[in-house]
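One chain comes next, on its own, written as structure tokens: the form predicted on its own.
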């Protein structure tokens, strides 16, 4: 099994290149599915962060706000699963399984229960350093593999963990590239947001509270906004990359990658014959 896995493994750079290509060629209705789920959560998080850190009455409605954030988190994770399902369907050239109330309930409960543990496990794994790569891959796989048929949360857990253990060196290389890319996006967004009011003042003479604040603008809310925008820019690429990893990992047993290549070769030959 290990020799087979090494034989069929894909390099981290190759996976990321394919992920970028998939997102560029994706239909217009794919990314809106992701952002319909992510934007409400990010906006709610920014409001929650600013309100809880500055409002004198924050303690009175902290519980209700926290409940609202939990509901937005569940909504976001379900939309992420739907986004990953459509990505995986494009990879496998198969239509997603038809939705039913039972399947929807199982998906929502599985995503909620497993991703809720990530709030505690991922920071702990990051502090310990070594297991973070496997834990990060596991939670991404939970999102991607929601399209598979499974009878319980435990089954999804086993499938996601099995894929997280596959090709660990490539996984860590891919995470390193994504981390560097995220830092570049973060720095560019921070500079752009900070300098934009200054540019408006220079070209149009408009003085605003942002230009008057100076370096005081660089508060915790500013960094949360930049972090949220960075997440919205980078996370779809991460989801697509791990969808590719899961596809190639499952294809070791199913042979879906060979089937698709054969169909593609046959279609090309038919096109050449017609010409």
Partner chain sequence: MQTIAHQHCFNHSQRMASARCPQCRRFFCKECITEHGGKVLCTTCLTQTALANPDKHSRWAVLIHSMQFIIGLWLLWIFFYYFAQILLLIPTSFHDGSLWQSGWWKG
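Residue numbers count along the first chain shown, from 1. The shown structure was predicted, so the numbers you read here are calculated from the model rather than taken from an experiment.
What comes next is about the form predicted together with the partner chain, which is not displayed.
Chemist: Suppose contact means a heavy atom within 4.5 Å; in the predicted bound form, does that hold for all of 54, 67 and 113 with the partner chain?
Modeler: Spot residues vs the partner chain: full contact, yes.
Chemist: Is residue 94 a contact residue for the partner chain in the predicted bound form, using a 4.5 Å heavy atom cut-off?
Modeler: Heavy-atom contact with the partner chain at 4.5 Å: present for residue 94.
Chemist: Taking the partner chain as it sits in the predicted bound form, is residue 49 in contact with it (heavy atom to heavy atom, 4.5 Å or less)?
Modeler: Flag for residue 49 set to yes.
Chemist: Please determine whether residue 190 contacts the partner chain in the predicted bound form, using a 4.5 Å cut-off between heavy atoms.
Modeler: Answer no; every heavy atom of residue 190 is more than 4.5 Å from the partner chain in the predicted bound form.
Chemist: Are any of the heavy atoms in residue 27 no more than 4.5 Å from a heavy atom of the partner chain in the predicted bound form?
Modeler: Looking in the predicted bound form, residue contacts with the partner chain do not include residue 27, since no heavy atom lies within 4.5 Å.
Chemist: Among the candidate stretches 101-109, 176-184, 162-170, 193-201, which one is within 4.5 Å of the partner chain in the predicted bound form when only heavy atoms are counted?
Modeler: Flagged stretch: 101-109.
Chemist: Can you work out which of 58, 233, 39, 31 has a heavy atom no more than 4.5 Å from the partner chain in the predicted bound form?
Modeler: So the residue touching the partner chain in the predicted bound form, by this definition, is 58.
Chemist: Which of these residues, 73, 157, 139, 132, gets a heavy atom within 4.5 Å of the partner chain in the predicted bound form?
Modeler: For this set of options, the contacting one is 73.
Chemist: Determine the residues of 153-178 with a heavy atom within 4.5 Å of the partner chain in the predicted bound form and present them in sequence order; the list may be empty.
Modeler: The one in contact is 153.
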